[in-house]
Ligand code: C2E
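Next up: just one chain, as structure tokens, the form predicted alone.
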Amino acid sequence: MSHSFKEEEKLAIDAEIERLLLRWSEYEGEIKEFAKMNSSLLRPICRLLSVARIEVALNAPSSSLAPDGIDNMEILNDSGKIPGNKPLIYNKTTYEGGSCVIRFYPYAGTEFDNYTVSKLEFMATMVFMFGGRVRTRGLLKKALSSDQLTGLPNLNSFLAFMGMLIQRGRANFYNAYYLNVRNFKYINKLSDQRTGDECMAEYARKLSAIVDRDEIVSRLGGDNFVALIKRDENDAFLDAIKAIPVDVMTKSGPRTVVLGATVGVYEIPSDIRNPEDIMMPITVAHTIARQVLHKECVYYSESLASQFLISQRVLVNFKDAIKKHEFETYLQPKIDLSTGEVCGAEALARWNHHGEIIGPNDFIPPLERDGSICELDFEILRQSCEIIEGWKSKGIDPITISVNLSRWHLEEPDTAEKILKTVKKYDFDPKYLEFEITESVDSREYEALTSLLAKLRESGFITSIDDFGTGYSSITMLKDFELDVLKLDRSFIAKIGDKTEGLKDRVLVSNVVNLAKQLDMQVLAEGVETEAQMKYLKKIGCDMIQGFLYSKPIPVNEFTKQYMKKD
């Protein structure tokens, strides 16, 4: 049975449809709320068209924004009337290749006439179009707040969460974290980019499973993540992220790779006001952990940040400082214990930056970590050559100047050639230059060090081993390398003048001096600060000393006036 509509009924239906379309066009809410709202909006139309029930079944494939896909059914209107068993069905295809099935059920015992079918067909199109627009807006909102690859919240969501904690006065109950996944590049080498993306998504899912509902972990991009975790869960969280397994399909078959992380941690204070203020501390702590201290986890502190900023200032200004010749050579005298006369000097760098003298403890460590120390070494070598040549031009008999060479030089196969090229520009005997190689080289650098030392000695330069006794290969180096001078580290010298505490140190120093003599090497002790130290070293046959007992490092002009005499 079907109903025959009068003109005034059709006008009422059109008016209700027009009112519905106006409400839909203005709607800005969520898709679930859209379905609930339609229950009341559609009721007048459904009553006029004898529609007992409207169902919308949505099925969509998985995506980065909906990892599990979509498979749900919403009831847009239920009049309470018994529905018939012959619904009017419309199938629509969604933009991502899914399906939207809309079913209109008539009252039991009735059928839809042609007029009703035309109106319901129009209604189905509008339900699909406006519902799709609302869902798309929801997905876009999620996209703006989520990481596309992993589905995790992005930085915007992370900062919004932090803002909510600040508003609720709970920020200081949390720690902030910056995580960098270690060795993820290894996975990319084992497989292709697609597999790497899948592994990253798996890692993100497992990372997300660690956090509670009132916590958040977000992906910044690449293999970097940030998190806000309750402080009393700090240890559990750090322990959980030490080893997260992911399955990798490599070219040779499936493998499980366990991924750890390098972490910077910031204990959020109670006086924090802006969400963005947590980013600098966790970034600095992470950078220090990864690049400076080489530790798995570092907690932020003001003193640590201050040191880091000094290091960054050094690296930023270094190239310009070299060009402007801001680095100056200071000389510290070496004293011959048999004569009490100056027999040489060590060239040490000082940085004159806008009239401020910056000490080596501030600029050497960051340059050493960065590798830029090699450029500074050559600058000091060049200046040392000029000093020796300058003495000669003034009729002053030169003394040997020792120049430090960083272990980074061993990474360059042509270091010896670069040194020879630099020195050849000057006119003096190579015996006036000594090259100090640090003792703390590892086994991988032995071959390069053997070659470098051989070339330097063949060219007439003096070679020495610096900081002897600070590493684990001291005796092996004496056996394997041809060296002219052994330079005892200051840590061996500090207690030898103490009759009560320095017994072991005196025994060690005495035996090292005897060993060096038997190997036809001279011995220089650095860090000598007391008469007692000097007298003991002289007694056991040490050749030279260097330290504050005689002089700190001083500018070249002052050194020349004080220690150098014309022929």
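Fair warning: this is a prediction, and the values are worked out from it, not measured in the lab. All residue numbers refer to positions in the sequence shown, first residue = 1.
Missing here is the form predicted together with this ligand; even so, the following discussion is about that form.
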Would you please decide whether Asp498 lies within 4.5 angstroms of this ligand in the model of the complex, comparing each non-hydrogen atom pair? no
4.5 Å heavy atom contact, Val528 to this ligand in the model of the complex: yes
Within 4.5 Å, heavy atoms only: does Ser372 come near this ligand in the model of the complex? no
Does any heavy atom of Pro360 come within 4.5 Å of a heavy atom of this ligand in the model of the complex? yes
The listed residue (Arg255, Lys92, Arg490, Arg103) that reaches within 4.5 Å of this ligand in the model of the complex by any heavy atom is Arg490
With the partner omitted here, the residue among Ser406, Thr125, Ser459, Asn317 that in the model of the complex has a heavy atom within 4.5 Å of this ligand is Ser406
If the criterion is a non-hydrogen atom within 4.5 angstroms, does every one of Glu202, Asp223 and Ile244 touch this ligand in the model of the complex? no
Within 4.5 Å, heavy atoms only, one stretch in 107 to 115, 477 to 485, 376 to 384, 447 to 455 touches this ligand in the model of the complex. Which? 376 to 384
For the stretch 311 to 332, return the residues whose heavy atoms include at least one within 4.5 Å of this ligand in the model of the complex, in the order they occur. Gln332
